[in-house]
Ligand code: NAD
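Just the one chain here, the form predicted alone, laid out as structure tokens.
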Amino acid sequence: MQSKMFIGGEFVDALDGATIDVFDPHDGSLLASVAEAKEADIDRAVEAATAAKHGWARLAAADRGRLLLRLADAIEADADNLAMIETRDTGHPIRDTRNLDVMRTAATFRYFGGMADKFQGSVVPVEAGFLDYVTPEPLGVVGQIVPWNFPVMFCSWKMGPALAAGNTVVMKPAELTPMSALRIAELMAEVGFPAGVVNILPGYGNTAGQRIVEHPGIAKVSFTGSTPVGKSVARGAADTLKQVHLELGGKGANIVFEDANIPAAVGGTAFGIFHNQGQACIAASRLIIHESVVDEFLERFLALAASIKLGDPKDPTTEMGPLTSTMHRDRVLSYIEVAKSEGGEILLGGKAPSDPELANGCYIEPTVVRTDASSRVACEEVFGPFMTLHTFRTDGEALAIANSVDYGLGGGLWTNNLTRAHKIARELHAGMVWINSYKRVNPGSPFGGMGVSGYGREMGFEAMREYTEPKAIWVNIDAAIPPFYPRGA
């Protein structure tokens, strides 16, 4: 596995020789020691990206797209290797990294490869004799800070639209999970991306990340992570007036109405909260269910959750792996104590598994807690396999519970009433809503939130707009402009 940072088309050590130890969350073993970027390394990466930006922006859009398409093909060809890197680095089960994460990464690069020469400007109908056309201009050098929960997939979500639009990139993968991003850098070099167009530097947030946020040569910073850190990013970017895109936390409401297809809702809810060990900003972390069907639902759901196979994420039969770090596992377990102190009822899980083979890993059992909707565990983002349960009687009560938190990222609902479905979807405070499903994503569908879940969008045409700014150009074709100051004409 690659352990050096990628700057100006080459893999290099940190200027001061510093490294970061990366551990396998399954057993705590050392996976790699990777170069640690600090402020001076970010500076040379920005220098490389700046040197490359004019050539990349002036390259025909179809040619930029062609390189992204080649990258998508290379990712698919390398899928088994890349999936294993991601699994060992994050703890995400191999069946998911191989069949979901890596395939979604390739699909996103392919989508934006096709988008590159189809993202068009416009002509504005102005007064006679003038042509006014508007072109989308790339911003220049953009900084991107990627989280640790879906690192390979987020590489494509951020780099795909930025590169298709003609920008160059300085990216910092999370210090916990840098390995798949460095493999993507290797594939980019293999398929022929020009030197300096993409630069990938593992490092810590308070050094490398902070320098990206504050660097005057970076035109925009795109950050995915927690809400408190997102606020710090916004403050740090203010002095240079750089644009900011924030995709932050969530506390997804998942509403099950009395007329829902219960078996479908049970399966969809389990995927929504337990996929990737619940380490997802859009996780279905709050189950809000009609009191008339709660017993039937819980009988099915608790049995399903208890049957989920925890184990070595490299085993293709494993359904839930470890959380990504010891520190995060301990944080999630601390919320069990919070739930108990608030009078919450632990219906399932709430502890590390007893299997001695998992004792050295960052494992937590699937957990369900019945608690008040105003409790801390129901309002704060736990970011683990931890779901709270709440009941309601009326549609209005369900909506009030769903909208009672500050987050506004994703939410879902289960009903066979079409009118109710559209009405509740319209009223939910969320940037994304799923009806009779949960946690569906596609490169063409905008991804992002509102409130303390951030602003801006990944994916689709909206993402291309995030990485461009409109330039209006006026052309006098045959307009006779009378002199504004006639005595001087």
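Given the structure is predicted, the values throughout are model-derived calculations rather than measurements. Start at 1 with the first residue shown and count on from there.
The next section is about a form of this same protein that is not shown, the form predicted together with nicotinamide-adenine-dinucleotide (NAD).
Every residue in the set Pro147, Glu175 and Val229 has a non-hydrogen atom no more than 4.5 Å from nicotinamide-adenine-dinucleotide (NAD) in the model of the complex. The stretch from 68-76, 90-98, 217-225, 337-345 that comes within 4.5 Å of nicotinamide-adenine-dinucleotide (NAD) in the model of the complex, counting heavy atoms only, is 217-225. Mapping the unseen interface onto this chain, Gly249 counts among the residues with a heavy atom inside 4.5 Å of nicotinamide-adenine-dinucleotide (NAD) in the model of the complex. Of the heavy atoms in Phe392, none are within 4.5 Å of nicotinamide-adenine-dinucleotide (NAD) in the model of the complex. Val233 belongs to the set of residues with a heavy atom inside 4.5 Å of nicotinamide-adenine-dinucleotide (NAD) in the model of the complex. Interface residue remark: Val169 is not counted as part of the site for nicotinamide-adenine-dinucleotide (NAD) in the model of the complex, having no heavy atom within 4.5 Å. Proximity to nicotinamide-adenine-dinucleotide (NAD) in the model of the complex, defined as a heavy atom within 4.5 Å, holds among Phe119, Tyr111, Phe383, Tyr363 only for Phe383. Note on contacts: among Ala253, Leu409, Val141, Ala265, the single residue with a heavy atom within 4.5 Å of nicotinamide-adenine-dinucleotide (NAD) in the model of the complex is Leu409. Residues of 192-211 that come within 4.5 Å of nicotinamide-adenine-dinucleotide (NAD) in the model of the complex, judged by any heavy atom, are Gly203, Tyr204, Gly205, Asn206, Gly209, Gln210 in sequence order.
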